[in-house]
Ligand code: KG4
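First, one chain by itself in structure tokens, the form predicted on its own.
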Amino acid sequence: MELVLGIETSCDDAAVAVVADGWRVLGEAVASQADDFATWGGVVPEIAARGHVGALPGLVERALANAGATVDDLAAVAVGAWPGLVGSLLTGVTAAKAIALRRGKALVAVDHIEAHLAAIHLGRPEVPYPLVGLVASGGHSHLYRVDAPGRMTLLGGTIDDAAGEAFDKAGALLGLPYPGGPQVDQRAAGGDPKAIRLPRSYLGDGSLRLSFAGLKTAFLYAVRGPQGRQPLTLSDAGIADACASFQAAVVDSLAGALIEAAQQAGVTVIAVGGGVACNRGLRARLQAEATDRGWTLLMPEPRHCADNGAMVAALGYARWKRGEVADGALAPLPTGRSGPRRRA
């Protein structure tokens, strides 16, 4: 049994996990700052980084204790090194380097976006490749051909805003608590998805491009009314209808793009990762699409869709086995290799 410690601090959550053989989660610990940022209505990078500094030592201890392991039992230490908030990333990278280099363990740098799709390995000893995967989160909405964990080719994605950011902005516009995405998902279950006519950002033109900026603007006008006249009645029923309509537009766009990407790539296995993969409407739609086509759909369980240490450990294991290790010169990067602004 080969154990990898995974450390994730790319944004506002600090998470640590111990994973065996790249798929069995033995112990996890998470410190969320969502409640702290509710007052601000979003993440404050400096505050997030400082929170990670205070939380990480205890998280590492808890994850190891939950796994019944010690640092000496580890084969490697994996850390999300890019992309993300550079201050937040720095805390995780520094902690990982301190543990690995001090105790003579392999250090593995992990791409945060690639890790979201590697999360499909958690709980699964075998994953069929190649596949086409969608990473949908607060900062990313992109499609990839995946030939192995961390071996990804960008196929398309958003040209402006991400789906998760759009969900959060929609929730804020309706006066829902922060973060708005889970609130929209919850309220949508009781609403009419056809109550408000909204544009779909995916045109099905073969380009695999997505856009959510126009959808947000259309939703703004629908809620506030043209030139501020005849605004939407924000009763419980009105909010539910608005959430259902907005969610349907996002889900149609993401699902349509993922299905077309798989067809273009000639694969019958699709996957989704990232915080938006928790959305019940998206999960149900993709399951129905896959069933109708006889395809295989792979999704992490909801707790492993959002940022987590287990996905970092899963990808870290695969990279370690391939000999892809880092050294003491490892430094975090705000942009990474798998996104639209990837390094050359």
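Residue indices: 1-based, along the sequence shown. Worth saying up front: this structure is predicted, and the values here are computed from it rather than measured.
Missing here is the form predicted together with this ligand; even so, the following discussion is about that form.
**Q** Can any non-hydrogen atom of Gly274 be found within 4.5 angstroms of this ligand in the predicted complex?
**A** Contact check for Gly274: yes, within 4.5 Å of this ligand in the predicted complex.
**Q** Would you classify Asp307 as touching this ligand in the predicted complex, given a 4.5 Å non-hydrogen atom cut-off?
**A** Within the cut-off, so yes.
**Q** Is Gly138 part of the interface with this ligand in the predicted complex - any heavy atom within 4.5 Å?
**A** Gly138: yes, in contact with this ligand in the predicted complex.
**Q** Since only the chain is shown here, I'm wondering whether Pro182 would be in contact with this ligand in the predicted complex (any heavy atom pair within 4.5 Å).
**A** Yes, Pro182 lies within 4.5 Å of this ligand in the predicted complex.
**Q** Tell me, which of Pro149, Gly164, Gly191, Gly157 has a heavy atom within 4.5 angstroms of this ligand in the predicted complex?
**A** It is Gly164.
**Q** Mind telling me which stretch in 213-221, 237-245, 109-117, 149-157 gets its heavy atoms within 4.5 Å of this ligand in the predicted complex?
**A** Of the options, only 109-117 has residues within 4.5 Å of the partner.
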